[in-house]
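Heads up, the chain below is alone and in the form predicted alone; it's given as structure tokens.
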């Protein structure tokens, strides 16, 4: 083990440098002793090149106890074939975990769920995906497996808190980085519209973390809309306006123009492009989400061009961003484009 000795006044800066260069050894604990911080690193030579003033120490730091993975924890409980079929990835929304279980492992699903509860104290409830997201409310059918019998939870990201019911509201924790990406783009004084705003993660993130003048949202799911309203209160936001109903029915009544429009409904967003464009003006930036196969992202661009031509508007593609994998070789993408 290699240890760097750093004065406390410089410790945060040096630690960040080491993390950025992948030189921080996360298998050991950082130790504060006197006026110094002792930091575990992976390479003496590379540290010298990155932090020339670094002092090395012979002090031995305590090793971090690594928790076994769910696969390791189940090694002696499942057969080899069952372990091959085990899906270890899961979504955690607050204290609720949602797992996938292959049909061949249905007799083992409660055992898998209880093992996950034991390994992760922050998880209190485990549900199983029983079907894909479906219906106009995009909710997912879930089946309770283990832990507390509850479906309402509180989730935190990007300096906001979101309350929701996982059984009645669509929400993906995997889009946290995407919500942060969009929020960072919002400029001072912008008026922002979020179509299909759900329980309010985009609305709350932008309203809380940017200097937007107003953030509006439209959501058809009554439960999601109710939670969105409650979440704006929970996050102490005063610059939001929320509407419950169908985008195609509400948009014509607004007679408003926006600086930025979000369309986070990949499956059917194409059919709402005309509605979004009626809210746009010259300079408006639209974030259009779509599911597309690898190598076919231009199909989304063609949909945008076609809709703009019909609306007698011109557009400029700013960026195409991958923001998650939907299925093998199929990605959720966001096309950022500007009305020119």
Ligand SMILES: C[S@@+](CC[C@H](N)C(=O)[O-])C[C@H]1O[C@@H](n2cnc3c(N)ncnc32)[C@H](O)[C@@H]1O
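If you're wondering where the values come from, they're calculated on a predicted model, not measured in any experiment. Residue numbers count along the first chain shown, from 1.
There is another form of this protein, the form predicted in complex with this ligand, and it is not shown here; the text below is about that form.
Not one of 99, 125 and 144 places a heavy atom within 4.5 Å of this ligand in the model of the complex. With the partner omitted from this view, the residue of 297, 28, 38, 272 that lies near this ligand in the model of the complex is 272 [heavy atom within 4.5 Å]. For the options 116, 186, 218, 160, the one in contact with this ligand in the model of the complex, meaning a heavy atom within 4.5 Å, is 218. Taking the partner from elsewhere, residue 264 is found to have a heavy atom lying within 4.5 Å of this ligand in the model of the complex.
Proximity of residue 190 to this ligand in the model of the complex: non-hydrogen atoms within 4.5 Å are absent; the residue sits far from the partner. At a distance threshold of 4.5 angstroms between non-hydrogen atoms, residue 258 is out of contact with this ligand in the model of the complex. With a 4.5 Å cutoff on heavy atoms, residue 230 does not count as touching this ligand in the model of the complex; it lies far away.
Partner proximity in the model of the complex, defined as non-hydrogen atoms within 4.5 angstroms of this ligand, places exactly one of 200-208, 117-125, 89-97, 72-80 at the interface: 200-208.
Contacts with this ligand in the model of the complex, taken as any heavy atom within 4.5 Å, map within 162-182 to 170, 171, 179.
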